[in-house]
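The chain below stands alone and is given in structure tokens; this is the form predicted alone.
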């Protein structure tokens, strides 16, 4: 299943036509779906994005082979062209940071993005939107970091008054081919999960039993990175002790990730 989160109906328009989605009334939000896709329109801003995403994922609990796509327009500095699409690999909000893991090959630019509370008219040195952080904060309770995609399209150079509904529709429509390419590449890693043999999966699960949920997610992402970049069998040693202390667990995870991501 692909869960699509957008803030504006204009951002959803091209996706609805492209994926042949049908309006549904399951939740008190504007929603469209098909057999393999659920799309929700959250409204603008951090709170709306977080609440709508939580409502959708709480109602339709995703699996480890599902994906979440947050798609939308954003402001960006002039080293980005109007209409240029990119993937966010770091999401900032006030003093907080999130790091989506992009473990698949693609042709787009990658960038940090800053989530703000008001439309940005002051020129900044990185792209800006109002929803990414709220979406990630809600979705991270349901998805691992490598299952979440943040696909953004530049709509303006910090001139929000120039952004119209018609422009948003046009920019998303023009990037549907880029979106398809990203989803196809991500699907290979996320949905098909061809990376691990059954023995490797069992070993990953055994090690994950020693870790917290957040640590387990970080460990799994590091395993994906190793397989994708080294294309070699995954050799992992399970701890001999039945239980690890908090410090031992942290040290063990740090050692694992360092080995896998060299």
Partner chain sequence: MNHLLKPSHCDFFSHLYIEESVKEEALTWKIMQKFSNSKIIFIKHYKDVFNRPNQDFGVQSKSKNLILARREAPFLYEGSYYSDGFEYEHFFYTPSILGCLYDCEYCYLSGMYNSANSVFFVNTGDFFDAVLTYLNKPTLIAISYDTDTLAIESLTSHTKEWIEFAQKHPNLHLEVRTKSANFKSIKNLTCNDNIVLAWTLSPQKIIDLYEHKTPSLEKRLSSIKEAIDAGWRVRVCIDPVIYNEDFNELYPPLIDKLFTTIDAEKLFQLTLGSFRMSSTHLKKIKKLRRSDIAFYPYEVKDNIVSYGKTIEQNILHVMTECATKYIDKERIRTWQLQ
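Take the two forms, find the largest set of C-alpha atoms that superpose within 1.5 Å, and that set is the rigid core. Positions refer to the first chain, counted from 1. Note that this is a predicted model, so its numbers are computed, not measured.
We do not show the form predicted together with the partner chain, though everything after this point is about it.
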Problem - in the model of the complex, segment of 67-75, 164-172, 137-145, 114-122 with a heavy atom within 4.5 Å of the partner chain - result: 137-145
Exercise for the section: Please state whether every one of the three residues 90, 178 and 230 places a non-hydrogen atom within 4.5 angstroms of the partner chain in the model of the complex. Expected result: yes
Exercise for the section: Determine whether any heavy atom of residue 39 comes within 4.5 Å of a heavy atom of the partner chain in the model of the complex, and answer yes or no. Expected result: no
Practice task
Give a yes/no on whether residue 158 approaches the partner chain to within 4.5 Å in the model of the complex, heavy atoms considered.
Solution key: no
Practice task
Answer yes if any heavy atom of residue 79 is within 4.5 Å of a heavy atom of the partner chain in the model of the complex; otherwise answer no.
Solution key: no
Practice task
Determine whether any heavy atom of residue 257 comes within 4.5 Å of a heavy atom of the partner chain in the model of the complex, and answer yes or no.
Solution key: yes
Handout entry: Contacts with the partner chain in the model of the complex, stretch 89-110 (heavy atom within 4.5 Å)
Key = 89, 90, 97, 99, 100, 101, 102, 103, 104, 105, 106, 107, 108, 110
Problem - Did residue 64 shift 2 Å or more between the shown form and the other one, C-alpha, core superposed - result: no
Practice task
Answer yes if the Cα of residue 10 shifts by 2 angstroms or more between the shown form and the other one on a rigid-core superposition, and no otherwise.
Solution key: no
